[in-house]
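Here are two versions of the same chain, shown separately as structure tokens and labelled structure 1 and structure 2.
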Structure 1
């Protein structure tokens, strides 16, 4: 969005030092990690450890995000949102007051570039991981809301997909707080903006579709038809086609239902693939592709076994 000058106020340069008004913690800004509709996110340090600091002039929006992070933190073994470290106000040299919060730095790379480098096989792994996280989140009475490719980070060792930005996270039954058009079922005229698990599952399907269509596509005069056709047309999505179509049509009421279908679909694909993958081609690039593919499959296998064995 074309923001007016208001947002620029919370833009900081590397080296800037921020002292909290209430808790007196001192944070030195190292570099910018990202920016969005609400404000800016910077890399900083807290007690020597890297941390992410989000600052905004829209204090109320930040306060609501803090509420969500605090409530998610009560979940055991929380990975449903970055860990919250501090909340405070900063009085800028010009006398204005900005609210900021400091959270765990989720170090990793953007999911799109990860897929480009490591192969589309990883999509299955991430899909299952996200379905697990969504399941937990929904159990807690929340819907993530603004699930989109830009809010997903892949961490290394172990390779895991995680979401940041809980700005859209909404209590089940309420109106979705924040969304992004391409991932929003209301925009595709395929459902309401009420916070329910199906809302997230639609957005999740769009995340996967976005991986096959990095440049996305227009909705056209018949959004639903466009969407379904594009799912069917993309060969990388073949494995997940039925699941994705069911998800965008709102036929899954819970993440678990969808996960069951995804597990079966991957299973079926593995069985079909098994004999032919032995005939390797002499072509080197293809060789590499198969190699990285098999690594992903091992990861997937591990992941699946960890699910079956409690």
Structure 2
């Protein structure tokens, strides 16, 4: 999460103890995890297990985030955001009232680090997972809004990409309330900041582009041209080039449309692997085919399973 100033007034030190006004649950602050536009997030414990506590003076804004988490909990599998554990108020020693909520502490690895260690082949798996998640989120009437690399974590056993900050989630039809420039279509002059599925799909494309460009790039004098050219010249993005360009141009109306194209792109990649592999030494060729083929198979199996499961 991005670091901000302490103007919210809810900056706490390690060791501070918060007791809920209504539920009387006690939370001891271990360390700060980050901060956002409306409050601070801390590591604490609930029933002995790690948990994340977000606190702010802006009770109304925090209540909106709670409503988002409650909506996500209704979605099949509850995979979209952290589990909501508690919501309460806290009266500080100086008499000021703060609102806080406690959620699941999602432990895992930054998605960028995972890709650097395990290979870009995993992008297909994560694309399918995120497109499924976004489809269900949009069906609930929400847009994620501030979808970016920093808000994604890869968990283990099984490997799964998770969202860890729903602070930017906005009801469809309203103005996006929180965004990060590189992932924002308004910044690239590719559309408005109206909350609609296409806004999230643009941001998702930028997440994938960010994986190929860890240091990102400037938009230049012609943002649209800069963006398209950078997609086209990055060899790791070749498999998904058409999908990404359509997403940033706003040519997908739903996540399902983009998901279909991603599956077709993975399938084409596999069909094109065999001829080029003849130029390699037998052992090297076998190793590369097994590795890339198995990752692609995981992606396709994930897609087929998602069609079967209720």
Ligand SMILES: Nc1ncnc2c1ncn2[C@@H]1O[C@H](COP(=O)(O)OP(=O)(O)OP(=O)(O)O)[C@@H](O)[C@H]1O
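Think of the rigid core as the biggest set of C-alphas that the two forms share within 1.5 Å after superposition. In this text, all values refer to a predicted model and were calculated from it rather than measured experimentally. Residue numbers count along the first chain shown, from 1.
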| item | value |
| --- | --- |
| Pair member which, unlike the other, is the form predicted alone | 2 |
| Hinge split between the two structures, rigid part shared by residue 17 and residue 45 | yes |
| Domain reorientation between the two structures, expressed as the smaller rigid part's turn in degrees | 13 |
| Core-aligned Cα shift of residue 88 between the two structures, given in Å | 2.8 |
| Shift in Å of the residue 58 Cα between the two structures [rigid core superposition] | 4.5 |
